[in-house]
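In structure tokens, the next block holds one chain alone, the form predicted on its own.
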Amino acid sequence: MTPALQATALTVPGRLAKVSLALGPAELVAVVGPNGAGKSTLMQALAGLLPASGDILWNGQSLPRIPAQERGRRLAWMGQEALFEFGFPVREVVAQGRFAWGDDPAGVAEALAAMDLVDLGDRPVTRLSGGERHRVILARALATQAPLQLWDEPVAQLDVRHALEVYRLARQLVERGNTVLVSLHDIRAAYRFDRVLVLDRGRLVGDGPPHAVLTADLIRTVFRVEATFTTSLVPELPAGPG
């Protein structure tokens, strides 16, 4: 498979150390690792939001050198933070995802519906809950209709129903030929993905199908917990304190 996105020796001093990866078209990939492993750093570097050394290619072109408007047609970014200083209506915030294409009410409406935001379209984003704001920034990424989707912790603040919807949407995008890279805290959720990248202390220490990569030994070494695998082949992790 010819890589859609390829990064070589991607390095951010003190945060990411010579990470190389290649993502194909129509591939759903999870990035997991403990806190401080470099997940968000990797995602931001790939999105061009963080200075990094190394090469990042999108279909053979240097991604950082692609003009901003054209890059906005190829790459969609969803970050963890949903901070809004101004009370723009939800619909207008989601429409920002179409900046590279121009006005597209139908595309915005589709993104609102996908994230269950139709009834909130006219509400100021400053009057939303944390989970609702999270859905707004994901809808903004969906509105780009970009073939490369980078989502950093998209389900972190969502309830179960909306989290499951995010996974379903990611799978639908891949079935249409898109490349979707998602960072996660819950390694059990990674079993929904075609492939998993494991980061530890800024280094890529695992890359492959979830059942092949997320072994008991790797989970013990990277996450510092003991995992017991049930007949479902998904690890049961010990409960936290309290």
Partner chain sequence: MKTRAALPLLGLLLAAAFLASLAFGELRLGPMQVLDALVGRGDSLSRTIVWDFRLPRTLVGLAAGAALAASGVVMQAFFRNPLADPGLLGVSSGGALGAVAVLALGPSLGLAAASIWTLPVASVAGAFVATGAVILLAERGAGTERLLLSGVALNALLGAGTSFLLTISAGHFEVNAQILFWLMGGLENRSWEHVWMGVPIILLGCLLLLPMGRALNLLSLGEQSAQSLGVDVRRLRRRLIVLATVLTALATAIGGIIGFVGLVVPHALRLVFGPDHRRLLPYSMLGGAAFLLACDLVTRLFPIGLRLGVVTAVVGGPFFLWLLRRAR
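None of the values given here were measured: they were computed from a predicted structure. Residue numbers count along the first chain shown, from 1.
Note that the form predicted in complex with its partner chain isn't included here; everything after this is about it.
Inset, instruction - May I ask whether G72, A100 and D103 all come within 4.5 angstroms of its partner chain in the predicted complex, judged by heavy atoms? - result: Judged in the predicted complex, G72, A100 and D103 all sit within 4.5 Å of its partner chain.
Inset, instruction - Counting non-hydrogen atoms within 4.5 angstroms of its partner chain in the predicted complex, say which of E110, E92, D159, D116 makes the cut. - result: Among E110, E92, D159, D116, a heavy atom within 4.5 Å of its partner chain in the predicted complex occurs only for E92.
Legend entry - Any non-hydrogen atom of G130 within 4.5 angstroms of its partner chain in the predicted complex: Output for G130 is no: heavy atoms all beyond 4.5 Å of its partner chain.
Legend entry - 4.5 Å heavy atom contact, W77 and its partner chain in the predicted complex: Although its partner chain is absent here, W77 would touch it in the predicted complex, with heavy atoms inside 4.5 Å.
Inset, instruction - Could you confirm whether Q96 comes within 4.5 Å of its partner chain in the predicted complex, counting heavy atoms only? - result: Yes.
Legend entry - Proximity of L49 to its partner chain in the predicted complex, heavy atoms at 4.5 Å: Yes, L49 is a contact residue.
Legend entry - Per-stretch contact check against its partner chain in the predicted complex, the hit in 24 to 32, 179 to 187, 64 to 72, 196 to 204 (non-hydrogen atom, 4.5 angstroms): In the other structure, the partner sits against 64 to 72.
Inset, instruction - Go through 112 to 149 residue by residue and record those having a heavy atom within 4.5 Å of its partner chain in the predicted complex; state none if no residue qualifies. - result: Going through 112 to 149 in order - heavy atoms within 4.5 Å of its partner chain in the predicted complex - the hits are R140, T144.
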